[in-house]
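One chain comes next, on its own, written as structure tokens: the form predicted alone.
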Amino acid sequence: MAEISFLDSVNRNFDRAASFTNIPKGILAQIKACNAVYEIQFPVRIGQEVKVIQAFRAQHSHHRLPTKGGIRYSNMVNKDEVEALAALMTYKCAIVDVPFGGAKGGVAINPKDYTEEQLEKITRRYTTELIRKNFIGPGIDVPAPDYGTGPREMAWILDTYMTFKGGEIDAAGCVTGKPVNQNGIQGRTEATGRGVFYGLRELCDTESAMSKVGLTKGLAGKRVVIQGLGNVGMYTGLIMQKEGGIKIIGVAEYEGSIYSEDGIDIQQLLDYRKANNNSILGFPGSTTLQDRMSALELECDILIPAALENQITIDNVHRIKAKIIGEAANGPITAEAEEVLASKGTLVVPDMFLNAGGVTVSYFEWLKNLSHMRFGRMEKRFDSNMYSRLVATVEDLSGKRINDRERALLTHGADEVDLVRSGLEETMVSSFQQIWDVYSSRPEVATLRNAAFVVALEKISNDYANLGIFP
């Protein structure tokens, strides 16, 4: 039986969850529809030749503006994929209460095939095309990094936009994920991975959730497998090991996968890979598995697909042994495969919630750009001085003194990164609780993905009602 497309999978999940709501069919149809897709073919001189580049930008929903979503560079980019990812962004923003509509962009290239100078040409020309059609702007549509792009590309986008829009006071808010020294925000690079950590930690701290899968409460000691060591997978592994106390027993990458029951130190693995032609194979103390998909089939507590979509399909789902799957990537499990996982009792933490850390911190960056001031500038010293006076008062009343390390910890005023992490943690914790309340109180919903969709659809429907678009 042929596997359905990524877009069909997203829409099938939508339709299933929509049946658990009382939202009128007309409004559901509007929420589901992609409002606008811009398909572009533009020429760029590469060496001595002119190459025609295909690119897209989809704006899924205009119920809130601006629309928001990343730009990916990949040979696999196509119209259906961009529409599917834009739809997920709409639902994701609603779940975490970020006031954006969903969007997504893609350029159909493999960035490894181009030099930095050539990538800059392509990025600037793509941005120019978006400007011409009014598909970018701080109040219109705000791109961000995605697969194959990063702060460098976002800086090129900003510079191109400002060239066309000189004097626009909020121009820096036209794109997020920028370098910190170019109107970016501290904590953005790690944001998606840190959000994955907060989301899985909250799940594992929920006793009723752990009872369902036969695990003890808490994240510490859980056996974890990670697929993908890109930005998301790398930070997820580093943060979960350092702050969560988990044991990573398997890692999969493009070149293959490895296993070690004693645990794999992610920082050491990253250093090894860098020194060994970008390969994790042969990492000391590990066993090389048959192929790059083999790690997904390891027996573990938590499996974290952090690569691309459609990694767990009807073809391999029966071999998946993880008790919890945390979707750090977008759409790594097809709709058909998830039905099998649900029947097995596997808890799937859906992408539209779990990887929302990126858009959450992008929202903070956008707010910083509109306010023209970094977070913490106004209050950091005031808070630090107040805490110092409180500590001094307690010392005087108790007759005891604390050491310098304790004093520094207690009197620290929040830096920008502290506030960003705090805001992200609050967002992920409160959003999980909303999803879990629906999941645990409405048995017919059946899965966390359905519960997340219900939360998103009800919020978006309320937005339409408040706008007065539908009487």
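Just count from 1 along the sequence shown to find any residue number. Predicted model, so just to flag it, every value in this text is computed and none were measured.
Only in words, not in the display: the form predicted together with a small molecule, which the text now covers.
Proximity to the small molecule in the predicted bound form, defined as a heavy atom within 4.5 Å, holds among E253, D301, E297, E129 only for E253. Interface residue among T346, S260, N369, N231 relative to the small molecule in the predicted bound form, by the heavy atom within 4.5 Å criterion: N231. For C174, no non-hydrogen atom is located within 4.5 Å of the small molecule in the predicted bound form, even though that partner is not displayed. Proximity of T123 to the small molecule in the predicted bound form: non-hydrogen atoms within 4.5 Å are absent; the residue sits far from the partner. In the predicted bound form, A328 approaches the small molecule with a heavy atom inside 4.5 Å.
Heavy atoms of T192 reach within 4.5 Å of the small molecule in the predicted bound form, making it an interface residue. Contact with the small molecule in the predicted bound form, defined as any heavy atom within 4.5 Å, is confined among 213 to 221, 179 to 187, 335 to 343, 140 to 148 to 140 to 148.
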